[in-house]
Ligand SMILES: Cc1ncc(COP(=O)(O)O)c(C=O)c1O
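What follows is a single chain, given as structure tokens, in the form predicted alone.
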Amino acid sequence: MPVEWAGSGPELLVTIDRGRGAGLRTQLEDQLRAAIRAGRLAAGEPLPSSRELARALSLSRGLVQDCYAQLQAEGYLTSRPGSATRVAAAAMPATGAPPRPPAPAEQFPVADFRHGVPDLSLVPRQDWAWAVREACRTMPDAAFDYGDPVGPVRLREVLASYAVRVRAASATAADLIVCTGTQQALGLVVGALAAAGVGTIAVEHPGSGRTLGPLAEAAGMTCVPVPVDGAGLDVTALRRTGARAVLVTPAHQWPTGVVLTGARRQELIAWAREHDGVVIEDDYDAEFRYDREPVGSLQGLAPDHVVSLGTVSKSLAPALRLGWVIAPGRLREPIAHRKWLADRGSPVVDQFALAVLIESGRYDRHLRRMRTEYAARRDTLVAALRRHAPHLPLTGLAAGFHAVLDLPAGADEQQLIARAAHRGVGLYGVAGSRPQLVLGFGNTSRREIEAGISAIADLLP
């Protein structure tokens, strides 16, 4: 049986499971590190004495002392003779630091409501393997050279055709730059904007500030938040920032799930034209819409002022690391040059394989299957919360594979997350102005959704 301890001081929620393969000291060290990194243990906060913690967890005092000594050596803890062991200030994450890699799913054996990840068990492996074999069989010898750093013409033609057909974009192969995922694409765009003299870039709040902020800072730019309401980005507030570029998620706002309304789209385009501004459109999961056909790309309304970012990380798998930029003419060459400097181009065989997959129709068939599955999981989540927490509003359900659960004002979001983890359920906060949870169901089965909500039902305020 696992032994648990929450302590009379800081809420550590340490669990020692003698049935696990990991050693007891390793379990304790890992959980204390995670608590410090996540900010659940604040700088300067005292830890229980080695004697108290050892007694509570039925461990030897020497093991706890060795654990504390190791974490002191790594800079996580500090101690002085006659004083309690405390969290070192240098161990706390810096404000605006890029997000850390997510915790392994096995830490949440009941359910992990991690967002932003598709169902990894339903990745079309056989179709992808077939596409790679077909690409290798049909690629001309010259294609195995370094090739064009912006991507082979064949894939860019296929992606441009797909963007026009499915996303109502205005694009040709000449407008596209293939990248190693959206993260690289955004970094290349930000660098090109900075070189063009853009000093301030705006981002939706809540939104992707933790991703954009470090990229903007590295490029010498200032990143400013702009509030989001029920109609999407507040363009009036954007005008007050003095920014000349803004990152938006108009089809399915991250994380609230709202759609940028038609009126706001027109306001945003007007802002871009008046200020010679650039709108960066992150089209991250627009294919997965359930209430109507996918909302058209903002890029199609103003191709001279909108940079559109696309990816297969949500539609196929993050491991493929394939994304693209549809860029206005004035930015295409600066972005392409930065791509060449970064890596001379993304893996060519994979790019040909993606082209083959889309041309064959297998990509569209996979998307249809996944829409059906994600819609069923969404319905399961709605039903489970209706049974266990009917008083809590659930929003952002029209598209994608995450929803937002509003908690009552004053609810302790972080405490709820910690207590859910204690029960084997992974929950994640919005980090906005009010307490909310983002409930991802892309990589969470219907059975896990049911079990996870049931396991935390009495914790929901």
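Just so it is clear, the model here is predicted, and its values are computed rather than measured. Throughout, we count residues from 1 along the sequence that is shown.
The protein also exists as the form predicted together with the named molecule; that form is not presented, and the subsequent description refers to it.
Contact residue in the predicted bound form, from Q183, Q107, Q266, S315 (heavy atom within 4.5 Å of the named molecule) | Here the answer is residue option Q183.
The single option of T85, Q351, T256, S208 touching the named molecule in the predicted bound form, heavy atom within 4.5 Å | So the residue touching the named molecule in the predicted bound form, by this definition, is S208.
Segment assignment from 342 to 350, 142 to 150, 360 to 368, 281 to 289: heavy atom within 4.5 Å of the named molecule in the predicted bound form = Stretch with heavy atoms near the partner: 281 to 289.
Check, residue by residue, if G116, T311 and R321 all come within 4.5 Å of the named molecule in the predicted bound form, counting heavy atoms only.
-> Yes, because G116, T311 and R321 each have a heavy atom that approaches the named molecule to within 4.5 Å in the predicted bound form.
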